[in-house]
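Only one chain comes next, encoded as structure tokens, the form predicted alone.
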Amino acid sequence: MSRSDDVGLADRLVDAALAAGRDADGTEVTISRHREGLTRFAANVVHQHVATDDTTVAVRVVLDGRVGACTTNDVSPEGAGAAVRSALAAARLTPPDPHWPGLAGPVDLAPWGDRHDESTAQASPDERVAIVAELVAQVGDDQRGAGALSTAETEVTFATTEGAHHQARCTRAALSTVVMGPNGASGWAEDAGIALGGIDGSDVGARAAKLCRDTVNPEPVEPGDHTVVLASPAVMTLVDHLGLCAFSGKAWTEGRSAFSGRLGGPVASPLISIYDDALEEGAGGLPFDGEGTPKRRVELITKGIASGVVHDRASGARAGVGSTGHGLPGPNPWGPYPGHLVLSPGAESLDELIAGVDHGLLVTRFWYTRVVNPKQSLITGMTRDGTFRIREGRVVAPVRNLRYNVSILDAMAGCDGVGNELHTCCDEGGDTRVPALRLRSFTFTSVTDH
């Protein structure tokens, strides 16, 4: 199917859905097509290619304050009409929603640049294999690399009977690997961006292989409060989980957020500034959210001060401020989510951050992280694939991995150094760009078994 046929089909489906909703007070329709190619490798050998091509028609209808929804993969005008009728049937059985904010109306999108790379959208398995081969070439004879390289294209058409109508497309490529070595040693690295041509397989493989070599024979380490330097992937985990704990306007209005009662006050070190901006150069994704509202920049933490939260149409209406363009596709019980988080870079290189530590740890990344208490921004998880002891400003030895229990905001309150380079991280929840951080106190509760 050609690109013009795709666009024409989307328009026909929109017309069919809006026409079928003539008995409703309002109708919303979203046509989404997501195409992805995935190449997996293990033990230094490509072992699987996966290709998906999924188009959905999602509709919401409003009838006397009642909202019904239906999603279908029947991408015909008849299928779109049937989905609307199912949504109407659901609406008639649904209690009225007293907080229903209404459907999106007509509004222009802000300039957002080109987020689509045609060569990435059309990337073949052979093209992905060539990059994986560059990665594997960096793996040592006594090492084994495993991981995946994905290329994806997303196209969305959105419309409502209130006059909203948006169309946009974007691409994304992401590569990550774990390299395993003798005695349980392991290293990890990643790269991600809008275009496959920007992915450097050699660099990813070299970084992971070096970490693996450097983690052979880890030393014992005592749990407790340690000064830490967190590499960008570890910082990504903290920032993404703040998105779950603190930045949701719904959680804030309901008093469940770590920012509830704290907006306008200090929550972190003055060195910490975090914002969400889907339109900034370097960001990926679409320029409008799942409710058809244009995305816009929101300052969340400004020089340590809690300065804002993100809203969808419902939470924005309840807060009296309107949506910030952070709604997920409906029906959505979770509320808004910041999908393009950035922690502003500072002035120090990673080596300079390490040089500022007398006794502490360098952490490459975390894994298996879970929220324990969102209002306290308390999370738990483990270090993995490169944890090292720092002594007198130098990395001196690998150490065993540790489990941590920490309040993100409390840890960020002790930040005394921010890295000067932003890295885009392979995060399925969104597009997160962060530097490394130095934190004066980070609580580790136990040593893991590897």
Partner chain sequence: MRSLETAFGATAQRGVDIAIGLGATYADARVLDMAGERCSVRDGEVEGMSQSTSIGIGLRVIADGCWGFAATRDLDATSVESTARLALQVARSGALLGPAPPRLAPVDPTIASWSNPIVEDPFGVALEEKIALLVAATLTMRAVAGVAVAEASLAAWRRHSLLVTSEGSRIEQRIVQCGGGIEATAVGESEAQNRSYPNSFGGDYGTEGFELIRRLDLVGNAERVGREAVMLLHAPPCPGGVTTLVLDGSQVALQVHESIGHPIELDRVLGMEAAYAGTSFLTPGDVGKLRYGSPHLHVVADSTTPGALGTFGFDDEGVAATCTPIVSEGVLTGMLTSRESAGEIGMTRSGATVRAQSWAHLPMIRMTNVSLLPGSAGSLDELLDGVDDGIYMETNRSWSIDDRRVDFQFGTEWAQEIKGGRLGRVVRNATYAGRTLPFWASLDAVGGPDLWRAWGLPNCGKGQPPQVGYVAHGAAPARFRNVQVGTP
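Here the structure is a predicted model, which means the values were calculated and not measured. Numbering follows the first chain given and starts at 1.
Just so you know, the form predicted together with the partner chain exists too; it's not on screen, but the next bit is about it.
Exactly one of the stretches 202-210, 298-306, 157-165, 95-103 approaches the partner chain in the model of the complex with heavy atoms within 4.5 Å, and it is 95-103.
Using a 4.5 angstroms threshold between heavy atoms, Val396 stays clear of the partner chain in the model of the complex. Using a 4.5 angstroms limit between non-hydrogen atoms, Arg403 touches the partner chain in the model of the complex. In the model of the complex, the partner chain sits beyond 4.5 Å of every heavy atom of Glu392. Although the partner is absent here, Lys250 lies within 4.5 Å of the partner chain in the model of the complex, judged by heavy atoms. Not one of Asp15, Leu271 and Leu350 is positioned with any heavy atom within 4.5 Å of the partner chain in the model of the complex. Checking Val321, Val107, Val75, Leu328 for any heavy atom within 4.5 Å of the partner chain in the model of the complex turns up a single hit: Val75.
Exactly one listed residue, out of Val221, Ala148, Leu286, Ala195, brings a non-hydrogen atom to within 4.5 Å of the partner chain in the model of the complex: Ala148. Residues Ser176, Val178, Met180 of 160-187 are found to place at least one heavy atom within 4.5 Å of the partner chain in the model of the complex.
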